[in-house]
Structures are given as structure tokens and as C-alpha cells.
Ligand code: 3PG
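Quick heads-up: it's one chain on its own, the form predicted alone, in C-alpha cells.
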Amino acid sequence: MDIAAIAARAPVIPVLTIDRVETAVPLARALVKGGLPVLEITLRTETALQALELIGREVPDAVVGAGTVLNARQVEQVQKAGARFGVSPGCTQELAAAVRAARLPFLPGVQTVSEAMRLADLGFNLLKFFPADTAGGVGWLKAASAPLAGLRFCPTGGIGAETAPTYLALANVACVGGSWVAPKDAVAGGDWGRVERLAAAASNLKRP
């Protein structure tokens, strides 16, 4: 499955920072049950790789990937842990070469038109727009739609339930990334019913 097919699975990709590995599987199950099967586990905690591996093994309906992938060493690590895709906040030439060599479906991050053009030259046609809310948001995506007509985006950063529909209404937006579907207090308290309800609402958001 390539990155476009992965992004097409649901309108929202939950961006998950997992501090306690014991929450990983029930969190993933609640999100998948709610209709969000594509999960991004950020490499921001010591438990991230273990959580990714557990979800991949215990939640077969999840398409689990790694976020905040910054270098070639991490590409190797996340593949060993079972990641089915990777996401980065930006992208260097070295990172682009590493994911190409690894054949890892990848969502590289951009903030400018020039960055998007460089990645398009390397064959990346679906890009993460980050941090969306502070880098121009919907206005940037609208303005970029004509000059970057061949590209689509997954805006991430500062997006919530209230603003996601506006992003998803744009023709050049494939999906959005966000953490609102897994609130910290719900995860800490094991309120998986609440997570499932938030996921269900997000999964029903419309795309063009």
C-alpha cells in the first residue's frame, strides 16, 4: 500500500504521543473501532517503538506508522518495529534517500512552496503541511493549489474538530492529522469509549 492509499483510508490520521506503553493497544483498538485505522505514533517518547510494535502485532486492523522520523537511523528502527509508513515534520535529502531505499511509504513535511517543489522533483506527491495552523493554514493551501496543482497535502499542527472540516473541504487536501481524537485526559483515565466516540465523529468528516 502506498502513502496515497494509506491516506485514503480515513479523513483523519490520529497523531499519537504514547507515554505509557500499556495504553497503546487499547487506544489503538478504540480508534480503529471508531473508524480511524491509520495511526501515527510519534517518536517523541522512549516507549514509541515498543508501542508501535505492540499495536502492529495486537491490532491487525490498524495501519500503524511512525511520526517524527528525522534521519536514516530512525527509518531502519521503525521498519524493524513494523511501521507500515513514516511521517516527518520536514525532509532532508538524506532522509528522502533513506525512505526511498527502504521502500517505506512516506509523508514528508513541508512549510513552503520551494520545499514542496523540491520534494515533488524527488517523486513525493503527497506531503505533510506542518505546522499548518501557524504556517498559513487554509489560506496557504488555497493559494498553493494552482501553482502546485499536482500535489496533495495532509495538513497537521493545530487542527481540531472545529477546523478539520474546513481543511477537508479543499480539493488538494487528502486527509488531516490531529491529536484531538485522543485527548490526554481520556488516555490517562482509560476512557476508551470517549476516544471511540471522537474517532467515530472524525471518521464521518466529508472529503471532496
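When you see a residue number, it is the position in the sequence shown, counting from 1. All values derive from a computational prediction rather than experimental measurement.
Note that the form predicted in complex with the ligand isn't included here; everything after this is about it.
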Proximity to the ligand in the model of the complex (heavy atom, within 4.5 Å), stretch among 110-118, 123-131, 74-82, 91-99: 123-131
Contact test in the model of the complex: R44 vs the ligand, heavy atoms, 4.5 Å: yes
G158, heavy atom within 4.5 angstroms of the ligand in the model of the complex: yes
Contact flag, V15 vs the ligand in the model of the complex, heavy atom cut 4.5 Å: yes
S179 within 4.5 Å of the ligand in the model of the complex, heavy atoms: yes
